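Presented as structure tokens, the chain that follows is alone, the form predicted alone.
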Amino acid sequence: MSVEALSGTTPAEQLASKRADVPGMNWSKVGWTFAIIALVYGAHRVYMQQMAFTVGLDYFEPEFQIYWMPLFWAQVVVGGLAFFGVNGYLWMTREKNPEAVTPRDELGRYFGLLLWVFSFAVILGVLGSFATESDAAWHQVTIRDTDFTPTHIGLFYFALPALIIAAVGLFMYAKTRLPQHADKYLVPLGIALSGPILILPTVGYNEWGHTFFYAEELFGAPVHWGFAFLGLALLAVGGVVVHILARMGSLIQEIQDEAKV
């Protein structure tokens, strides 16, 4: 009796069915992730548009303590909880037996890693364009810098921590889900991580400097050099993407070879 009679399908149909099992990107998750980022930052940006030039011009005014400092503390608390919550979850649900992960499962996890990269890139775009440029525009109007400003609260204590959460989450996902990264470290990923993490203490130096000896906001001031230098580390994300695509190509080839057997 033929194979077709036993299985009810031809070898070509069986091969097509196996190839159809190759995992792909979950575009629903991509859409929800981008929608949440857009909604949260959009609400923040609308609040800044309405309040930054009315009750946000001077940190030492009583209104600033009412309308801006609660937002600052809320961001610090929520950001801290999100950081430890996301990375704690990734660690507690880590892969205990990396050697047993099949090529098909590993490929699906690389699509998950790409979603982390996309999220990182979107937050980086928000930080590097809207958040940073709004800070520059605000200072061109008010000139004087103080301990906190509306745009600094949005840039340094909202967009930057969100980027750090995405970056460390990206690292933890790779270490806890992908067999190739269980006992190794991807150098470009480490470089890309170092940028936002080291920018955070630079924020403290910037705030301290503007408070005590550099009140005016000059974009080329020495207190800003660290931002420009450390920002270059984010270019290493290109190396991360190259690695991901190369490995995904190898896994797809392995899955197709298995389907031919």
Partner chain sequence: MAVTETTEVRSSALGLRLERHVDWMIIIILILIIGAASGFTLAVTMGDWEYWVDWKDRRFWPLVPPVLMMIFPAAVLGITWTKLRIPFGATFAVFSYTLLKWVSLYFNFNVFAGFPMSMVWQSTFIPLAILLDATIVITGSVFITGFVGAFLWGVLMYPVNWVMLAGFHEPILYNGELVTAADLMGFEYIRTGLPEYVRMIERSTLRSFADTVVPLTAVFAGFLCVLVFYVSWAAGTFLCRQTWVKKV
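It should be emphasised that the depicted structure is a prediction, and the values quoted were computed from it without experimental measurement. Positions refer to the first chain, counted from 1.
Although not depicted, the form predicted in complex with its partner chain is the subject of the following passage.
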Problem set entry | in the model of the complex, T93 touching its partner chain (heavy atom, 4.5 Å) | no
Exercise. F111: heavy atom within 4.5 Å of its partner chain in the model of the complex?
Worked result: yes
Exercise. Is the gap between A35 and its partner chain in the model of the complex 4.5 Å or less for some heavy atom pair?
Worked result: no
Exercise. Is the gap between R177 and its partner chain in the model of the complex 4.5 Å or less for some heavy atom pair?
Worked result: no
Seminar exercise, completed: If we test each of Y173, Y157, W138, F148 for a heavy atom within 4.5 Å of its partner chain in the model of the complex, the one that passes is W138
For this session: May I ask you to choose, among I153, I191, I164, V101, the residue with a heavy atom within 4.5 Å of its partner chain in the model of the complex?
Result: I191
Problem set entry | Full three-residue contact with its partner chain in the model of the complex, heavy atom 4.5 Å, for S28, W208 and H210 | no
Exercise. Hey, which residues along 170-198 are within 4.5 angstroms of its partner chain in the model of the complex, non-hydrogen atoms only?
Worked result: Q180, H181, D183, K184, Y185, L186, V187, P188, I191
